[in-house]
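Presented as structure tokens, the chain that follows is alone, the form predicted alone.
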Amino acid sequence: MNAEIIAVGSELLLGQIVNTNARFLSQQLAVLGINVYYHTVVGDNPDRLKSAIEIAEQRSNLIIFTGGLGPTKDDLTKETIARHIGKNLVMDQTALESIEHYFKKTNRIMTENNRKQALVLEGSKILPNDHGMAPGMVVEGDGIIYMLLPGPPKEMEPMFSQYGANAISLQYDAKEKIVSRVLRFFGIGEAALETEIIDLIDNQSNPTIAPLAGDSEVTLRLTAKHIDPDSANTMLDEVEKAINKRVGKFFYGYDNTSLMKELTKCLKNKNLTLAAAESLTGGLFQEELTGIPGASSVLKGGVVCYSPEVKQQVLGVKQETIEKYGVVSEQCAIELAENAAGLISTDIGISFTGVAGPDELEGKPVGTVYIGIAIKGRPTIVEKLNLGGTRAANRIRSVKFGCYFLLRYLKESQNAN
């Protein structure tokens, strides 16, 4: 079975809201073993919606609509589909009573147009709306299944999970299940990663490998189909092993994780504490880290040391270090990391100093960055970056590289032990 998701609503095209419904439905359909090849968004216009339906019918045998089931004049999904497939709209008494009960319960006057929400396609299977008013419905015609769902995610998601998925399963017995896994990489570009595994991509069939570039990151989505989910996962394990033989040093996690989440988890597991000295990043590292639940158990504090005076007076960077090497230097990064850990009494100190832009500093070009990492009992390490992006991008990428380097060193230390 091939599915298409059609989201109805001009507000989506205007960018007023994000179409999270399509993402949710794609994930749920994958579990059912149903392919989703197209996402369509169409405004509140009956002619354009009719055209979108006609196109979808040529390439999909399950069409799921979200939105356009409300009481107002521009809610026209039901009416358009009814005309298109030759079905009447009839009043669903159960839905009408539920709507009337809602207005009585909230002590509000029910206007006549709210009755429209209880209209359903004749002969359709009704999907109750436990979190709103307009019911959903499923109807079949000429070998195509049409499913209509409300637009608000708080109504659509539970409706599909509780009623919609089962309604599809009753009409479609999927032999194969789809299992997906996302591998996350940092420190290697999309083109470079693809070059390393190009033969695996070219020879893919099942599982499939799909690269996707992110914000300074690259992800690979691995997808396998099999009757037995355990066998599908075994297939994914084999492909993942082949990929990591080539680019494993850049791999840091799975699915919806992030560098900050992985770093926090690693520090917690090792019972290590962290302090930060931030010049270039101006507190961005600590802001990102404190956005992760549990960060308070690993981050004790830090210093935003933008000026040379703060570097000297608060963090104890030697005056001769600044005079001889400058604030944008390996030597300054070392003292910042070591002294931050000493000042705040932590196991690890990390420092960021560099040239964010737009102008060069101390004769060093924009994008020059030094990240210092002082781990108790180990020599302090400094990583130099030559980023050369915009000011905002340089700061964000510096924070991510700081996470990546620290996470890598901690894992290397663990492997060495």
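The shown structure was predicted, so the numbers you read here are calculated from the model rather than taken from an experiment. We call the rigid core the largest set of C-alpha positions that still match within 1.5 Å between the two forms. All residue numbers refer to positions in the sequence shown, first residue = 1.
Below, we refer to the form predicted together with a further copy of the same chain, which is not included among the displayed structures.
a further copy of the same chain in the model of the complex is approached by residue 41, whose closest heavy atom lies within 4.5 angstroms of it. Among residues of the shown chain, residue 400 is not one whose heavy atoms approach a further copy of the same chain to within 4.5 Å in the model of the complex. In the model of the complex, residue 406 stays away from a further copy of the same chain, with no heavy atom inside 4.5 Å. For residue 323, no non-hydrogen atom is located within 4.5 Å of a further copy of the same chain in the model of the complex, even though that partner is not displayed. Partner contacts here mean any heavy atom within 4.5 Å of a further copy of the same chain in the model of the complex, and among 372 to 380, 33 to 41, 61 to 69, 347 to 355 they occur only in 33 to 41.
Comment: a further copy of the same chain is not present in this chain, but in the model of the complex one of 282, 158, 128, 189 has a heavy atom within 4.5 Å of it, namely 282. Comment: a further copy of the same chain is not present in this chain, but in the model of the complex one of 193, 299, 167, 178 has a heavy atom within 4.5 Å of it, namely 299. Contact residues in stretch 1 to 25 (any heavy atom within 4.5 Å of a further copy of the same chain, taken in the model of the complex) are 12, 13, 14, 15, 16, 17, 18, 19, 20, 23. Shown in the overlay between the shown form and the other one, fitted on the rigid core, is a CA shift at residue 25 of 2 Å or greater. Taking the rigid core as fixed, one finds a CA shift for residue 384 smaller than 2 Å between the shown form and the other one. After superposition on the rigid core, the Cα atom of residue 157 is displaced by 2 Å or more between the shown form and the other one. Between residue 288 and residue 153, the Cα spacing is smaller in the model of the complex than in the shown form, differing by no less than 3 Å. Inter-residue distance, residue 256 to residue 37 (Cα): increased by at least 3 Å in the model of the complex versus the depicted form.
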